[in-house]
Each structure stands twice: as structure tokens, then as C-alpha cells.
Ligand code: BES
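Next up is one chain by itself, shown in C-alpha cells, the form predicted on its own.
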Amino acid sequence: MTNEFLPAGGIVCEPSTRPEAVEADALVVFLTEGSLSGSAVDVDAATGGLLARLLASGDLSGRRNECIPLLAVPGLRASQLVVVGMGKRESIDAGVVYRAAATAARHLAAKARGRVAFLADGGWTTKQVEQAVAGAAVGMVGQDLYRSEPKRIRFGTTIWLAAPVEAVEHGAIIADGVNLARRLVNMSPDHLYPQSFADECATIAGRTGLDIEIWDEDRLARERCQAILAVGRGSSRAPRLVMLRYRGAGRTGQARQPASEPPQLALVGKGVTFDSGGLSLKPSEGMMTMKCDMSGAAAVLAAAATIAALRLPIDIVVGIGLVENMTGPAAYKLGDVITARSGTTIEVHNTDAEGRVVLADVLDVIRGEKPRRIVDLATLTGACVVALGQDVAGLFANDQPCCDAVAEAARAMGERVWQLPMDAEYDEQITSEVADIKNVGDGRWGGAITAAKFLERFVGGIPWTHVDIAGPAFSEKPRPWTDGGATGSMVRPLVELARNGG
């Protein structure tokens, strides 16, 4: 049973800012590198100068993501004090505080705890408080959906001190979005497939007030979505296309106004719920993490739900293409020519380059909504991971202001992105001799770019940015702030993008 975007009772504010008055299993304080400032000064005073002595002795440094538990601290009612480092004060931003709070929460969530208190720093902005609250709520959630004895246990109550109530409420909503995306990506592919993913979308839409349409195979056929249908032919589980809408522009108080013009922002997600590679079969080691090939779909669903739950004043439309890429008797083949919804013909050279084929139809459907901007998210290419590594998402665009807006939102949230070129010469590499285009470039070089050039054919000149999250969407190893598994990559930046007007 899902639990995101339900009324929250586990995260609360308390008006007291006196650390010595807090009764909790643990009290978390944030420390800058090499010096005491902000709330750490209050904790130091309450403990008789303990933090200053530990800094002087080198037992505390305040380096980023350093996490030091101190037990039975004199002067405090809390059972333990956890000191988490944020690095140099001049480098602190929303991403830093998100990870610092997540680091402390992940450490404490290794065992059951009834009450955990976090002492916000008085120098933080409202946005930084929101991200700290979100980080703490994400850090206590692991990837252990199916373990009989989970490695991470959510706190009974998380208490935020010296934090604005609205910022805490918004941070909890943002955490719901990130945790939704993580849960979906971490789910077993036998539990999450096109229809069950569509059902998840319907549940979340009901909780957050999103409007939803689910296109089944008959509707897809009527809409001429032959590219999605072709990729899905090899599976016993039929594809789906999910459309979500949120109308927040012109909102007065809580009243929803009818849409009077096209949406400011369209989000598109690749939702290949399992990718065997099709007839271009992946090896076992390459297939193990292919339940993650719907990370783009999870991110845009989570972002849309968060935008709706926050009641942001923007109109958005979301398109999610859901398929399994399998090897059944009807699987699409190398050499097949598919006519996409737009009328563009696609020659198939590799059935493992299926995500772009699916997105061809989804982008065409979204183009019909005439949004001002389109942003698509996809775990699209291994080539992007080769180029940028596992921690950086690739950006590709036909419009520089659109790309800059996405990049600015990502960097504001502490998520790393890098723009790659989209020169016209790359178009030649996807030209087919027998169809309009082929679904891979010439050879292995520039594969992330040629995949983006393929997608560009289907946006119709609308300002568009493609975000390849093949690297950062899934972490095979734990980090101080998160367990391994799904990361919720780009959920917070998409929410920030919407807050900035799209």
C-alpha cells in the first residue's frame, strides 16, 4: 500500500528553540566547518562549551556530511546529540542542507526511534529549511521494500525547531515526491508494469487533485501511437500512455480556475518498466538494473504530484509512456519500419534503443497541447553515463533559455547537470536509407547526442530540453545521505522549475 501524499502526522514544529529543553531520542545540530555559528552556538552554550572543545581537539570538523553521534551529553535532555557537518559557510546552499539532514536521518534510522529533533539554523533561507526537512524525511527511507527486517526505520515523530511552519509543511510534501519516485523505481518489475504503474498514477492523482487520462491499447491504436505499440508487442503486458494535468495558473485562494491558455510547462517521462533489450538482448549483468528504466516516468509523476500538492500557480501537462520491452513472439524486429504518430517513419536498427521510440509518440501527443516549454526525462543512454559519469545528468536542448532554466533549477537543488552539444551535423547520423530516420546513430560515438537528436524530431519546434538521467537515477552503492538504489533524481529540480514559472 502506498503512503505518499496522505495527511502527515509524523513531522511537526515546536516553538521552543532551546536545545536543553528538547526531550527526544536524538537531537540533530548542523555544524559549519571549523567554527561555531547559528544554532550550534546555542547547543554549545547548553552543553558547557562541549562543541568548542571538540572542534579545538579535532574530534569535530564540520566537514560536509561528517556525522558524529555524542551520547549522554551533559545539559541536554535528548538521549544523544548528532552533529552533522555542512562544510564551509559560504558554500552552503539548499543542496548542501538537504544532504546534511539526510545524512543525519539515515544514520539515526538504522534503529527504531520514537522522537528525533532537528535544530534548524537561524541563518537559513526558507528554501533551505524546506530542503533540510525534505532531506531528513528522505534519508530515513531505504530501498528495502521487500525485506522482512528493514535496514531503515522511519522515526515515530520528526520535530523541527526554529523552523517556519509553512516551510516544514512544504518540505514534507517535497519529500513525499522524492520518496514516491524512489519507491516506484525500487519496486520489483513483476509488481510494477504498464497497467500497475498507470494504477499508481491514478491513486496519486486522486490524492493530489491531478486530472488523469489513461490510454489503453485500443486508444493508443486509435491515436496512431504505433511506436509505443511496436515496442510493447513483445510483452504479455500491454502498453499504456498516461496524461496528467494540473491547472494552478490564476488560482485565487483555493479555487481552481479553468485553463484559458496552453500550459506553461509540459513534462514527459520514459516509462519502460523493464527493458530486456528486446531481440537485441542485453547480457544478464546489463539487465539486472533495468527495472530502473522507468525512472523518468517516476520523476515526472512525482514532480507533478508535488506541484499539485504545493498548489503552485502554474498550468502543467504530463505525458508518460509505459511499456515492457520483451522478447515475445510478436516482438518488434531489427529492420522493421514503424510509422510514429507524427507520420515520421523510423527504421529499427537496435531494439534496445526503445526508449526514444516510445517517447516519439508521447512527445507528439504533448506537442498537440501546445505548451510553452517541454522537458523530458529518461534513462535514455549508457553513452551519457560514459560521457558524464554516474552523478551528472546530461542536458540537450533546442532552446537555450529553456535549457538554462532547467540547469538553474537543478543547480539550486544541488543536483549536477551538464549541457552537451546539439549541432546540426549530428542529424546526419540518424538519417535512414529506407525511412525518415533510424533509431540509433552511426556506430558508438556520440550516442547520447544522436538519441537526443532523434527526440528533437518530435517536439515540433517548441522550446524543449531533454534530461538524460541514466547515471544519477540509480545508485548501486550507498552514500552518506542515501542507501543504494533509486535516488529520486530531478524531482526537486522539476518542482523548482515550476516554482520559477516553468
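Don't overthink the numbering: it's just position in the shown sequence, from 1. What you see is a predicted model, and the numbers here were worked out from it, not measured in a lab.
The next section is about a form of this same protein that is not shown, the form predicted in complex with the ligand.
- A heavy atom within 4.5 Å of the ligand in the predicted bound form is found for one listed residue only; from 376, 364, 176, 293, this is 293.
- 381 is the sole member of 208, 381, 128, 158 with a non-hydrogen atom lying within 4.5 angstroms of the ligand in the predicted bound form.
- At least one heavy atom of residue 440 is located within 4.5 Å of the ligand in the predicted bound form.
- Using a 4.5 Å cutoff between non-hydrogen atoms, residue 406 does not count as a contact of the ligand in the predicted bound form.
- The ligand is not drawn, but in the predicted bound form it has a heavy atom within 4.5 Å of residue 275.
- The ligand is not shown here, but in the predicted bound form it comes within 4.5 Å of a heavy atom of residue 352.
- Stretch 382-390 is the contacting one of 382-390, 425-433, 185-193, 339-347, since its residues have non-hydrogen atoms within 4.5 Å of the ligand in the predicted bound form.
- When contacts are defined as a non-hydrogen atom within 4.5 Å, none of 101, 416 and 492 contacts the ligand in the predicted bound form.
- In the predicted bound form, not one residue of 97-119 has a heavy atom within 4.5 Å of the ligand.
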